[in-house]
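This document starts with one chain, in the form predicted alone, laid out as structure tokens.
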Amino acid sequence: MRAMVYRGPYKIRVEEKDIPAIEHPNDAIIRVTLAAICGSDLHLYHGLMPDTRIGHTFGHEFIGVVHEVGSSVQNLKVGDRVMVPFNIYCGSCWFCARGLYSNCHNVNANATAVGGIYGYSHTTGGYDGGQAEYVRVPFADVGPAKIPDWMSDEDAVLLTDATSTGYFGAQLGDISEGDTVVVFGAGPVGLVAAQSSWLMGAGRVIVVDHLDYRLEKARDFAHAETLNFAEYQDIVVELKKQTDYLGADVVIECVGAEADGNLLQHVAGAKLKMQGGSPVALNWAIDGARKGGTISVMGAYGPIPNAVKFGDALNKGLTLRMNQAPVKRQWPRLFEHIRNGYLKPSEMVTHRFPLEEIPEAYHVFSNKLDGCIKPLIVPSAA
């Protein structure tokens, strides 16, 4: 099969790999019909995530058709059209029993730090991802779900991470009716977090970014107010002005390890790797929230220390909530929101690339070229 293969920072190729085999009776092999590149894939591409090994195939957002099933699989059959959450989980451990699928204790040798994730380095288990023609899906009776007949492929693939994560970010904000919500980052997760904030009762939603085309999308897609942080000497001061000098009730941080806005932090975190990414947006969130407010962290960071203003968070009495989204737990609500027309994830898609052109797709997405917000990858396996 053809698959995207990592060859070092900023170096990816499309190469021949063996079609994955059934390794456990509860495995399934999925023929990928549509995949996506996530903003967190760029952290791997840029060399920010530890233990990203040569030869690894990225991709934690994908859907496909069941190609083969192990002898124990009961809920899927060959030919089923399925969507696969980015979490790999057993469904029976202490964490899975409580719906914390992203914290599963049985799928990653490094499980005390994180659960399993497709295509996201050996830090998260070393599983190859879906930017390929075929992918092995462990615990196939637990993770994948059949795609409803009424749902489009592009909506389905965006439910495997970006939409579920953005919705989860708004959930963790514990939004009360009338709250002012600030979202840092107008990528797909931030756009969905902003849109979902309205569904949860927000009275005002402000999205902060520095790319005009993404801010325009935030106004159009999420009906949010927008602020370009590059136009202000201090974006936190501007946010205070916008909120009667109190700060936001809820801040949702959807940027993560490669945040711009502070040259020293960006160089130390994103370039020199002296910390687990640049915490600029997270520190803005801490400074921009009102005392007693809530911060929801959806941005991805590496598992090494960051220069985060924890003392300020303590002194302001902030509630910080964060986790990798337990994707499948969000699906019942999201299915209804999409079916009723409240959410339309596919409207975020701006580019579609064949698998053979995935190096160009990463280049375009990484460099924010051609108004790229969400690129999809189309494999060619028959």
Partner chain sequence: MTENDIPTAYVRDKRTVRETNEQLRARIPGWGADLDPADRPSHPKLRYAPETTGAHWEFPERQPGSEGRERSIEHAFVTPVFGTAQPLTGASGAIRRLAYERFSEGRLAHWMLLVVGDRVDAWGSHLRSFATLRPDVPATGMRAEFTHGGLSSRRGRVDARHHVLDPVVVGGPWVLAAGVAVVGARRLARAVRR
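Numbering follows the first chain given and starts at 1. Quantities reported herein were computed from a predicted structural model and do not represent experimental measurements.
If you look for the form predicted in complex with its partner chain, you will not find it shown, but the lines that follow are about it.
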Contact residue in the predicted complex, chosen from A307, I147, V142, L76 - any heavy atom within 4.5 Å of its partner chain: V142
Three-residue site G70, E154 and T294 fully in contact with its partner chain in the predicted complex at 4.5 Å by heavy atom: no
Options 308-316, 184-192, 76-84, 208-216; stretch whose heavy atom lies within 4.5 Å of its partner chain in the predicted complex: 208-216
D234 within 4.5 Å of its partner chain in the predicted complex, heavy atoms: no
is_contact(N108, its partner chain) in the predicted complex, heavy atom dist at most 4.5 Å: yes
Its partner chain contact in the predicted complex: P326, any heavy atom under 4.5 Å: yes
Interface membership of M348, its partner chain in the predicted complex, 4.5 Å heavy atom rule: no
Its partner chain in the predicted complex - contacting residues of 208-241, heavy atom within 4.5 Å: H210, L211, H223, F229, A230
